[in-house]
Every structure is written in structure tokens, then in C-alpha cells.
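Take a look at this single chain, the form predicted alone, given in C-alpha cells.
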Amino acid sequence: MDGKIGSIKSYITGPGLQKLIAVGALIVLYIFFSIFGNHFLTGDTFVSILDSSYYIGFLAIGVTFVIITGGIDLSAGTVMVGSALIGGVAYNVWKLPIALCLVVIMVSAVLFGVFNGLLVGKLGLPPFIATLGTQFISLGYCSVIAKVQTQTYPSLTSPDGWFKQVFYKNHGFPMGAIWLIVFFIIAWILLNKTILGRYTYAIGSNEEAVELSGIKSSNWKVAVYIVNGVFCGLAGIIYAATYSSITPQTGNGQEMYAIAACVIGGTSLSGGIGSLSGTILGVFVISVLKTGLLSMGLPVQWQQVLIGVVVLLAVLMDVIRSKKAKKA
């Protein structure tokens, strides 16, 4: 009995506290916007919340792996949009079938993931600097390939529009939610039931101990960034299905929503602590906040202000939690 009470107390005072707060914040925000927003409590609004969660959700899942290792990825947003841009070039210029264009999106994002992994894992660059450099490289290089031209994907009614029905909406049904659930389950198994997941947590908790035990943490860091690249590619496919026009030099800043979702959901920026369920909660907190503010007629800039405040509070809680853990 004492052991169970201790476990519950440890959960509430530990990382589980932020997850509980995220649940509470989600409920409070939904009630608040239902009262003060215009037509917020409708089926269409709920679908809009889901629609704005898809690609951020995929980005956040990948970034969760990276942050748990004690790293960061500032290039996720530009890699997502840049890969979608290259896929558009493959469709409009290279005249490849749309199915192969989706493969091009995945391959492009994974290659950037490999690049980040080599920079951080093998060359030992600080993740912040490495991924900041990749952010600029992906932003510029993909625009060069596209010749700084906006790339368009087929509309829903065109012969190649089937990919929108598969990855975005099919007769109004949110297909993106199905894909997000499927890959959330895959990612959860990968993080919680495989050796990659165990080493991901171990590296973030104490990388030196991992090295002393004879495990090459550099190899596992590369693997983690490749996993992140896969989810950036999936986000790129969903992004292309959601927005038919992909504009060069965009995507910068989307990774901040993903990182914010991780932090809000209880993933520690110092590494070693985090969960995918918390990350998804954070994604929906951000989506509800964005959609709710629009329903109240507030400008987009207020979304960024309030999300920034929420992230600062979440990080502050993480710092306080870490200090308490060190004292204990």
C-alpha cells in the first residue's frame, strides 16, 4: 500500500503533474471558448481543431524523441515545408506520378534527418547550432530546387486528387486524424517497447553513463534524428494534402509549435523525461487555443503571444520540478 501511495505521489509531483495540468488546461480552454467564442461549440469547429493538429502533431511526435535525448530540432518546420516543396517540383516539373512525389517528400525529409544526426551524433555539434544550420540550408536549398516558385498539388476534384482523400479528408471525414492515431501508436511502441526507446531515455538522463556501459550513444542519436526525419516527411505529406499551394521560404516557425506542444505535455528540455501522450495533449492545447482565439475575432498575433506565455509557464514548471528532484 505504501508503495502504491509513493508511486502516486511521485507521479503527481513529477512529470505527470504537467500532463495533468495539460488535460485541465484543455478542458478549461474548451469551456472558455465555448462560452465566449462565436460558434465554437460546433462540429465544424471541432473538425477545424483536428485539421490544425495533423502536421503539427507529426512534427511534435518526431521532436519528442529528439528532446528526450537532451537535443532540439530547429529545422523541423523548414524540412517539412521544404520536402513538400521538392515533392511539388517532382509533380509539376519532373512530371512524376503523385505517388512517387509522396515518396520524394519522405526521402527528402529523411535525408535531412540523417544530416542532422551526423552533425549531432558523429561530429558532436551542439543540437541547437546543428539544426539551426540545417534550418537555413533546408530553407534555401529547397527554394533553389523550386527556383523560388510556388508549387501546387492537385485539387480534390482532379484525377490525382485521391491523395487528398487518403491523407486529408474523404467526404468530410478527417482522414488526417486516422493517420495521426496510427503513427502515434507506432511511435509509442518505438519509444516504450524497443531498445531505441530505452536508449533514447538513457541518453537524455545520463549520456556519460551510457558511454561507460559500452554503448555508442552517437549511433543512437543518429537513429533518433532519422526517426525525427521520418515524421517530418509524414508532416510534409499531410501539409501538402492540407494546403495545395506550397510557397518557398515558409515553414520557419512551425517547429516552435511542435516544441511548444512537447513542453506543454511535460517533455523536459533537459532530456530524459517525456511522453508521446503528453505531446499529443500539448498539440491539442495549442490547436484549441489557436482556433478559439480566431472564434473570438482576435488577430493571429495574439495566438503567438499566448502560446509563448503558456510555453514559459510550462518551462518554469519543468525547472522547478528539476530543482526539487535534485534536492531529493
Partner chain sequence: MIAPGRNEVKKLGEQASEIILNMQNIDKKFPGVHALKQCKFSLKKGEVHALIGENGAGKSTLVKIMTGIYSEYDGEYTFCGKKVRFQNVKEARQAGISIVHQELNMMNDLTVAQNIFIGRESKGFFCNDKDINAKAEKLIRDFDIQVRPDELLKNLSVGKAQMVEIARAMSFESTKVLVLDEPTAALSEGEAEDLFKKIADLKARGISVVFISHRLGEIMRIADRVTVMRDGEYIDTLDIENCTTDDIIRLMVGREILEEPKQKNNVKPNAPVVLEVKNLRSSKIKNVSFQLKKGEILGFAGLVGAGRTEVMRLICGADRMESGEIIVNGKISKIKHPKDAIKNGIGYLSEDRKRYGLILGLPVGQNMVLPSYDKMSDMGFVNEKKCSSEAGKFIDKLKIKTPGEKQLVKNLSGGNQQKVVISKWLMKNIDIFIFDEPTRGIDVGARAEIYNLMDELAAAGKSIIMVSSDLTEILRMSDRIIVMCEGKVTGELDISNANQNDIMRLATKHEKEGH
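This structure is a prediction, so every number in the text was calculated from the model and none was measured. Positions refer to the first chain, counted from 1.
Keep in mind that the form predicted together with the partner chain is not shown, yet the notes after this line are about it.
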In the model of the complex, which of 190-198, 159-167, 129-137, 76-84 comes within 4.5 Å of the partner chain (heavy atoms)? 190-198
Proximity of residue 110 to the partner chain in the model of the complex, heavy atoms at 4.5 Å: no
When the contact criterion is heavy atoms within 4.5 Å, does residue 206 count as touching the partner chain in the model of the complex? yes
Close approach of residue 212 to the partner chain in the model of the complex, 4.5 Å, heavy atom: yes
Taking the partner chain as it sits in the model of the complex, is residue 122 in contact with it (heavy atom to heavy atom, 4.5 Å or less)? no
Interface check vs the partner chain in the model of the complex: of 202, 223, 230, 96, the one with a heavy atom inside 4.5 Å is 202
Need the contact residues for 255-278: heavy atom within 4.5 Å of the partner chain in the model of the complex, sequence order, or none if there are none. none
